[in-house]
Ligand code: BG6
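A single chain comes next, written as structure tokens; it is the form predicted alone.
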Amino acid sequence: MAVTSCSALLLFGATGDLSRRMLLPSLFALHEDDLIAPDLRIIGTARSNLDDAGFRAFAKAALDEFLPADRKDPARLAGFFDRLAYQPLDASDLDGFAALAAKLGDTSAGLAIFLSTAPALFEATIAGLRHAGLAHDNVRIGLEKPLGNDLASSARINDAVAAGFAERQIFRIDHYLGKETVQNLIAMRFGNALFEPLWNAAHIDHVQITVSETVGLEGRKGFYDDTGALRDMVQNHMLQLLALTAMEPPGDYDATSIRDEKVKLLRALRRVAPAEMVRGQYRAGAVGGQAVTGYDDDLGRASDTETFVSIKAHIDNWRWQGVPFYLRHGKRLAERRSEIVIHFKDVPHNIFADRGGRTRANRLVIRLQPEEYVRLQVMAKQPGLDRGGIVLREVNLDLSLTTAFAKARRRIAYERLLLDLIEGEQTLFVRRDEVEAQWQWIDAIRAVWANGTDEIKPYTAGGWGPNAAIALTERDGRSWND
């Protein structure tokens, strides 16, 4: 069995942007709070020709840029830099892994690997780790997305990883699962008697999941144009949010129980009909009062890659039969927002109707970003005499996670995920059968697109996507939560 701690953490892609912005600041936070063992070594590797001192200078520059000023304690920083070492490596060269193994030394006490490299290098990297004896029982490996671009390529990567590691050693990362609000979704559903009895088709009319961005390509031209909105965001992050929102109650809060329920939910997703999907691409417009160019101009050439996708999804099981789940994601939209909105059914009989009182169905808004809150929208009587009629108004019952836990340290997702990788806790990581269930559903959508029956709809930057996406809900008598 794998040990529950490790003596070293090996970072592939250690000089990349993810390392600068997220991994090194997260690891320093864990070091700062004494959450990792004092003797845990952190070894970076990449193609960059650095030595230990060069990597420490790289880390110092990253922390100078991305750490708040009040957390730059010189003694703590010095102790963190002492943990760092570096070994240059061309992952496509099998022979180079021997030097990496020598740099690591004895890993029998446990090794955690964070693999953030180009997908084309996954198979070569796993082969190199096996060749150098770095794929033994006390090694676990974290895999940063993308893990393929369809079911077949994902299976090839997973097969390559499985050739060196058992499933219990593999930690597939979806950083959304490390967000505090996502975990609070589980706590809210299964820690309160108030919600779960109503969490079904008898009481819920529909569910909306929105992940909107105001940015365009932001330096990801090649990757994004090959990937598109459906595979970049819906296949992983949004389907994970859908699974956590709709899954059956797990028997326990552990990796097996939760992932078993998620995969059952994902397998219950009905194939999407052509009339239930919209894809779009942004054109020139204005976001936040600033003029922005269209996708083709940003890319530098014409393209048919979607930057927006909206889907009406259905879950074929007893709990959710007849309840549509509307998914929406796009770039260059009106605002940055990630949220889940549960629209309950209206009261069966309005006793206030004869006196002018109009009811609206309750809504539960779970906001992930930029704010983090849970908001229950309920009906209340407006204060005053009611001789002219009763006036009902929607009011908010708010739980601001930022305010409610003001004294608690706010941690970014990678802090939790890196610590879980180091300690061997798999609950917030994605299992292979989950990934494959997600890809099966996504590949079926892309097959419809490949037939040419669903054209890309243009939309002006700064709005909420193509008109067809608005019609997707309006023709059902519903509206997006804009």
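Source: prediction; values computed, not measured. The numbering used is simple: start at 1 and walk along the sequence shown.
What comes next is about the form predicted in complex with the named molecule, which does not appear here.
- At 4.5 angstroms, heavy atoms only, are Lys179, His237 and Arg336 all close to the named molecule in the predicted bound form? Checked in the predicted bound form: all three residues contact the named molecule.
Next on the checklist: Taking the named molecule as it sits in the predicted bound form, is Arg328 near enough to touch it, meaning that at least one heavy atom pair lies within 4.5 angstroms?
Outcome noted: Output for Arg328 is no: heavy atoms all beyond 4.5 Å of the named molecule.
ask   = Quick one: does Lys312 come within 4.5 Å of the named molecule in the predicted bound form, counting heavy atoms only?
value = Close contact is absent here: in the predicted bound form, Lys312 is far from the named molecule, nothing within 4.5 Å, heavy atoms only.
Open item on the list: Since only the chain is shown here, I'm wondering whether Met233 would be in contact with the named molecule in the predicted bound form (any heavy atom pair within 4.5 Å).
Closed with: Heavy-atom contact with the named molecule at 4.5 Å: present for Met233.
Quiz prompt | 4.5 Å heavy atom contact, Arg83 to the named molecule in the predicted bound form | solution = No, no contact at 4.5 Å.
To test your reading of this chain, name the stretch in 152-160, 316-324, 195-203, 213-221 whose heavy atoms come within 4.5 Å of the named molecule in the predicted bound form.
Comparing against the named molecule in the predicted bound form, the contact stretch is 213-221.
Handout entry: Arg259, Arg375, His175, His343 - the one with a heavy atom within 4.5 Å of the named molecule in the predicted bound form
Key = Of the candidates Arg259, Arg375, His175, His343, His175 is the one lying within 4.5 Å of the named molecule in the predicted bound form.
* Asked: Which pick from Arg130, Arg367, Lys145, Lys103 sits with a heavy atom within 4.5 Å of the named molecule in the predicted bound form?
  -> Contact with the named molecule in the predicted bound form is made by Lys145 alone.
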